[in-house]
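Alright, two takes on the same chain below, each alone as structure tokens: structure 1 and structure 2.
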Structure 1
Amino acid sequence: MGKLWVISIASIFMLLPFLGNAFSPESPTDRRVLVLLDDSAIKSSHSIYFNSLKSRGFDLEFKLADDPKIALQRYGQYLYDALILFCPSVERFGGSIDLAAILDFVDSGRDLIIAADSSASDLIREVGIECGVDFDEDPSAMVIDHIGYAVSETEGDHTLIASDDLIKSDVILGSKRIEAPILFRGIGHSLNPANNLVLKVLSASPSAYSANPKSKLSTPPSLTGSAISLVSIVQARNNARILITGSLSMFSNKFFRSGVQKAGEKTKHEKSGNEQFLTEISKWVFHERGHLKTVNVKHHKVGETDEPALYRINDELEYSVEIYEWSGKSWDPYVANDVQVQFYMMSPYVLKTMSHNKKGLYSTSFKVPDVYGVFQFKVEYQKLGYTSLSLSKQIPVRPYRHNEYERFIPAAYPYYGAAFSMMAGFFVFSFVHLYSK
């Protein structure tokens, strides 16, 4: 018994370093990141990208993908907040990691980056399918563009793509415009039309197609034009974020430092847009941007401050909530003009857009409908690039009690008048009938 107690205490102390920096709603930015590599050389050949993450406070742990000792969790606690898969050719992960473990990792609200290339294994393709993207089924296919390629020393190499077809979203890519095209060499993928959570961030041009660059086309390619996604993102319903790309090379130091000139254009950029693009999108993936939280949800009658246990029909009430956005270092007020609240019972009886004070406080007032039952205050907020907000608070609404109705109802005045006029007429008729000769 004593030995068991000692082992339990030792296990807790082993986990303390991990639990202390864990992902939390108060500080949502991922801090512990596991990087799985095909080859240890990737750590140096992609060092600029890794160093940019370290400079922002991330703790990176590098392991080979087939290491028999790797694990995502220990004693039921996840050891990492994010996972980077820079191991496109791995056929089987080492340790306790498999496809199901990666999906459970995402289902727990943690984040994932997947980088494939022309050597992508069936395992990596299966992970992509589960995330809502389908890599080209042809294992020898690459994205080819005879118009939108990058000018290079290798004549006729049109697999080096220079793309600038980016999603228009400041929250995903930052407010600073990416001037230089982004270099891409790898495999394309398409989005699953049944999955509305996946978005294209970087698309191929209309002239691009996916095929084997070393052989002539005998049949039309399955992926063509802007339907080819080069980089995609997913924000799951639990707000976990995923980045998927078919090019491991686009993260490399070579592509970061390389100059770029798009075919048919005179402008030559001294540096590609890869570093800015991947740095900015990693801020989104790791919740340094676009992460919202709500606090101080309140409702009460107009003129009061205490929250009642129930409302009466036709009561005037006020509803308020504070919304903040994580900037990577602190919670800043979130300012938008499209946050709405519903007063809901089977369907919305009231739908109001809330006003704000530019300090994060959103509020509105309205009259309780002339319908009694069990209602809900609901805020369902979904906006491109931001974590979704879902607030719900149940509150009953009662009718008037028998002694709360007005003594004389204004709507009934015509009926009151009709009754009294008939009584007066009957009195006059009776008087005339009795006393007239």
Structure 2
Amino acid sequence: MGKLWVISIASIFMLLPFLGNAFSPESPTDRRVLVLLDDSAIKSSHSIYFNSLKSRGFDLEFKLADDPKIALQRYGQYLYDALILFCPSVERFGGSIDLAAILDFVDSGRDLIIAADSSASDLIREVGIECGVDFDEDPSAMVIDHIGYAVSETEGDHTLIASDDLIKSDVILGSKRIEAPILFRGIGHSLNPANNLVLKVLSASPSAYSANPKSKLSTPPSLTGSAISLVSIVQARNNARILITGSLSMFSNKFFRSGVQKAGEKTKHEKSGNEQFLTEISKWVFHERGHLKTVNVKHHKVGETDEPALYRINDELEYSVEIYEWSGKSWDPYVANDVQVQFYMMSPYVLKTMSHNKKGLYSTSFKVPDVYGVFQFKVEYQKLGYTSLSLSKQIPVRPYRHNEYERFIPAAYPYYGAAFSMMAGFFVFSFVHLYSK
């Protein structure tokens, strides 16, 4: 009886990962999301945003950031597919979460959304630094813009800014243009220009700067102009996606619902662009868009169908690969004109752009170069907003066998003719010599 009990518990634990809906290579959209909040009021004051996530099928679990029972993994299995940190003022996370645990979480390929605010703690700033963004060091600084601020009756210190300096990418922001400017109120951050994994999605206008709104400026501010990024994304090399922003109130119901009029402009928009912007970009962060997979890498000699173990120099061959994009529910064919394949040995001997048949099958054919050795078919595809593809298949290339050279060399025909004419001359001469007087 005791043994049966133990066996049933063990089997339940082994089946646990299959019971929950998790993200997998077959279905890469995240499912279970842990949301850490500073206080539970955020759950209701940002309800429009959370409801939009729930309506797309995410299981949100709300916990306070210092709840002692929170954990990202248990028994080596991750419990969540994505993490949202809406806790800008947390000094220490509760439970088993800390900076290292969050970084391991991202290293395992899972996604992260971080929202800081004007009261951002050192811990949140450190998480930002590890992800590649530097928040302003001054703890009381906010982004101020005296030219691009949002006109409102109450706020007078121009910390509520309206920005429309968005990155141009349909993958990240969706195909529909965001008409209204986006309201922002919080701290700005800057990106290291040498880091090519992190991108500015929403930058501040050239007239913005980051300073304490309550005190007079004594020194010129360190962060100014378009170098200030309001919202950034990071796509890591393992295709984990991170969204970092310096304003928690950007996600709030108040900003979603309010109209916006940028100072100096005449048009007053009824609704700010926040809801559309954040909904679309969360689709990108949670892998509902821009996630590619490759299947069926095939290569063969022109005219044959099976894959040979090695090629000969100057062979004609065909290479094909199928690339699909996840649409949130199913794999659709990926359509692009810039996927290239390299035939590589220390350097690419052949680099060709592949053509596609609109169903996601990319193929091209080329001639093996006149060099023998061990080559690789390499596809290295990095496009803004899409997962990076890195395929590599090794194939040896042999030189000609001794009987594969051309039998008679046209340049040597005179010599062939001379040798045969000598033989004929010898034959004729011997007859003449024998039978003449």
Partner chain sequence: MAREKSSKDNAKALFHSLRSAYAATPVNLKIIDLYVGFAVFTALIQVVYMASVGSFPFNSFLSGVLSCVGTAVLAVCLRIQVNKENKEFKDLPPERAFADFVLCNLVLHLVIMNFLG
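In this text the structure is predicted, and so the values were computed from the model without any measurement. What we label the rigid core is the largest C-alpha set whose atoms superpose within 1.5 Å from one form to the other. By convention here, residues take numbers in order along the sequence of structure 1, the first being 1.
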| query | finding |
| --- | --- |
| Structure number, where the criterion is the form predicted in complex with the partner chain | 2 |
| Rigid-part reorientation between structures 1 and 2, C-alpha based, degrees | 22 |
| Angstrom shift of the Cα atom of residue 410 between structures 1 and 2 (superposition on rigid core) | 4.0 |
| Between structures 1 and 2, how far the Cα of residue 419 shifts once the core is aligned, in Å | 6.9 |
